[in-house]
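One chain comes next, on its own, written as structure tokens: the form predicted on its own.
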Amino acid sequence: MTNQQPHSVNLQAPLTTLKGVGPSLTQKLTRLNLHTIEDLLYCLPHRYEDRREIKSIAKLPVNEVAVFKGIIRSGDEVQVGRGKKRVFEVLVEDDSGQILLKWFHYRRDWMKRRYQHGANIIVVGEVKFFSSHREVLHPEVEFYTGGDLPSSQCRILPVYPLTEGLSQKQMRKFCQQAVSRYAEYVTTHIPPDLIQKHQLLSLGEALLQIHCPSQQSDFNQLQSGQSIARKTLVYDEFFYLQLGLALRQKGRQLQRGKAFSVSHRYTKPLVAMLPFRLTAAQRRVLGEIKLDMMAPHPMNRLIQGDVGSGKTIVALLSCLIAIENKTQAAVVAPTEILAEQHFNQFKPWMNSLGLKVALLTGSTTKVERQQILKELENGVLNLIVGTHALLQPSIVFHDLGLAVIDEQHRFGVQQRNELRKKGDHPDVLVMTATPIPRTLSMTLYGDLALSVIDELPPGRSPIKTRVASDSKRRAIIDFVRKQLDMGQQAYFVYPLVEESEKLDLKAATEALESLQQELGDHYRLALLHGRLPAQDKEAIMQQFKQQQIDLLVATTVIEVGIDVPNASLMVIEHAERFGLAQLHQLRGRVGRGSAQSYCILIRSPRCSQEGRQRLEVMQQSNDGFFIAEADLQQRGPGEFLGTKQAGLTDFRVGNLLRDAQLLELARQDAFQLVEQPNFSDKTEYALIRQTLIQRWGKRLELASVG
């Protein structure tokens, strides 16, 4: 995160530049993803210890880390109980009382030489109460002489993330060495008026205050991440990301796209064919898409809609606008089963309209593939539906007008760009059924306009969700039988726990056989899992849709997009093994018809407290955004996404939960700055543009800025 430094200073220099860092330590630091001086400067403490207050032994709080001083009264190895186990104990005393220090791992001779009677020590450690006396296990100890306490202890100390073989003392030493030698050379070029507006520090001063807080620092602010020093670093990081997103958005607005006209040649007949009326939310979002497609620059829009809200039909109507204008459309889905479902849903309608649609996935035969590619290139194909296979270099369109990406969270940002390059600045429509909290939307999709389908089709009642323990299995099976006897269908989902394909298949087959025995032979069960050939999966899904199968035993291949209105019951085994977003997606497979639908989450006896909390959230609410916020709180952004998103959320300092307000400020400031006349070529902004290229250029494809 640097600009120009004097030739003698290189923040990208390896850590071996630091005194005391050799090959062995370099290896350990690499495990923490620390490779350069700059990496170390930005390896911030995850908490602090306040060692300014030295407590008397009598007033030491139990189960808390505390600092105290005293005199050693004895130090020796002692036997524990009747076995051979030994510990090294040191008895420490001050005017108010005594406390034991204990070590289970030690070298006896060295400890005896070190902890001698009468030595003055200062101790840091967590105080425990055991067998009527207080003790500290494996404390941090420093010796001193005379009346003066060591300055290294009587202050606020940073606590860093560690790895095996690396101590807190070493990390502090290396970070302080890096800060004292290099922090002043870390620079940024945020406009002075913004620095003044938010009362920010220089980056060098901010790094110094974070790694080496003064005795006058506000400990609570440091500990909660609210210090001005941390605010400076976070704002700086967010500002440049948002600046990059603002430029991407502006760049697209400046590009010449296709200004489509809306003739309703195909959209009106399709709406008339639909067996349902579009909701007000669907019509509103379609209106926003039409305006974008009629504009002379490329559309870049994100549709967020909860499971079952009807995004797919909105996508097809958008495709028809592109087709009305004699261009082609593409729909990309993350899995073959979802791509196949879209294709099967679209095909009858497209045929009725006299239009041609094809499906291209990894399972498409060589002969079929060659025919599809030929028809795609010569313009015979109006619409193509497929998986990642559509992103391959061999795919050439005659004239791509609209690219639709379904379940965007499964694709990286660069894949979105790959699809865009398949045409001459085509319109791009991105869809997700995973509700994404605003802070994440601003980082992942900050360059996209947002539409939300916030209404479910009429006649759908909320799904009733219940958490049950494994001990209630008999009652659950009775309930499943009752639903099936009423003519409804059910899903029975279980997580794959083995890493071996053979064992997974065995587990799946055993689950099917076990359920068949519990329910009875006259119910028709089938197994659906990810390793089945595409045609087998499709055959099973068609049988399930046509009610030739009563209960589908499945893995998470049914997580996205499967639409069977007669399926009204979802049972999820070992539900705690799934994340909240996944559980919400799975539950969304039912509740698509008029019958009351149910979701039963079976937790195993070993379900953790965290697992119970997750399931409780599911029982509380059907609202995808409420669940997404809870998921983000529980798991954090990286795990929430389940993908690195081409590195966009690899923040070194910022925390999307804690720093949501700063993200908003940085976004407003960055988008306003980009609107300044001649931002892209004015000299006064040159260093800002240079910093942006260094930080985000490759990841945001901003090579033309500068």
Ligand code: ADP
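Please read all numbers here as calculations on a predicted model, not as lab measurements. Just count from 1 along the sequence shown to find any residue number.
Omitted from view is the form predicted in complex with adenosine-5'-diphosphate (ADP), to which the following refers.
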{"item": "Candidate stretches 456-464, 441-449, 608-616, 120-128, one within 4.5 Å of adenosine-5'-diphosphate (ADP) in the predicted bound form by heavy atom", "value": "456-464"}
{"item": "Listed residue that, although adenosine-5'-diphosphate (ADP) is not shown, lies within 4.5 Å of it in the predicted bound form (heavy atoms), from R248, K258, R301, R592", "value": "R592"}
{"item": "One residue of D631, D306, D292, E336 in contact with adenosine-5'-diphosphate (ADP), assessed in the predicted bound form (non-hydrogen atom, 4.5 angstroms)", "value": "D306"}
{"item": "Close approach of D563 to adenosine-5'-diphosphate (ADP) in the predicted bound form, 4.5 Å, heavy atom", "value": "yes"}
{"item": "Contact label in the predicted bound form: L278 to adenosine-5'-diphosphate (ADP), heavy atom within 4.5 Å", "value": "yes"}
{"item": "Contact of K311 with adenosine-5'-diphosphate (ADP) in the predicted bound form (heavy atom, 4.5 Å)", "value": "yes"}
{"item": "adenosine-5'-diphosphate (ADP) contact in the predicted bound form: T187, any heavy atom under 4.5 Å", "value": "no"}
